[in-house]
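Consider the single chain below, provided in structure tokens and representing the form predicted alone.
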């Protein structure tokens, strides 16, 4: 984590997951090494949802369903979350967790590669898109995702600072992470320079970007 661990622990001592089921799913994911949104990132998303009141949310990268379930707790009446996951073991866990959390009516899980699924969603537009999938693929998801975002909609991307690796020279990063490092830098440059968006890169959790689609 880029933020001092003591500071993060202090901040998170004030936070909670809002119900026992969400807390249990978080613990199980963390114990299994499944990457999920950090508590401080969840608080940020919660406040954005309370301000924006999105009715239709698209999530790219469901993992075990934690973030979709978390967000479902703050949906307005009639709100819905569509989430995409490609990895079969996590699809099975997400289905189980969504039912367990009583969120089946609020969440639709689409199974498959987001590269294949996003172009099929042309009839749908979303008030909010949350991207938390393979970090080296953000740029390839972006072009299709942004078409689905409503004007004045918000795009949130998680883990954009890569535990601080993105700040370093590519030669200071382990060889196996250099492609992700390069692609994430390119992606951040892309969204900051996109004239249809207003974007901030924030030091929350492992780094988040927040973009608003201009009128």
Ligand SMILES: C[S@@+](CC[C@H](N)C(=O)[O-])C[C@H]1O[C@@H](n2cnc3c(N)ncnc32)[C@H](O)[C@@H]1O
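Quick caveat: nothing in here was measured; it's all calculated off a predicted structure. Positions refer to the first chain, counted from 1.
Missing here is the form predicted together with the named molecule; even so, the following discussion is about that form.
- Here the chain stands alone, but in the predicted complex its contact with the named molecule, taken as any heavy atom within 4.5 Å, falls in 85-93 among 120-128, 85-93, 72-80, 100-108.
- In the predicted complex, residue 155 stays away from the named molecule, with no heavy atom inside 4.5 Å.
- In the predicted complex, none of the heavy atoms of residue 146 sits within 4.5 Å of a heavy atom of the named molecule.
- Among heavy atoms of residue 66, some come within 4.5 Å of the named molecule in the predicted complex.
- Taking the partner from elsewhere, residue 36 is found to have a heavy atom lying within 4.5 Å of the named molecule in the predicted complex.
- At a distance of at most 4.5 angstroms from the named molecule in the predicted complex, none of the three residues 44, 200 and 208 contributes a non-hydrogen atom.
- Within 4.5 angstroms of the named molecule in the predicted complex, the stretch 121-154 places a non-hydrogen atom from each of 130, 132, 133, 134, 137, 141, taken in sequence order.
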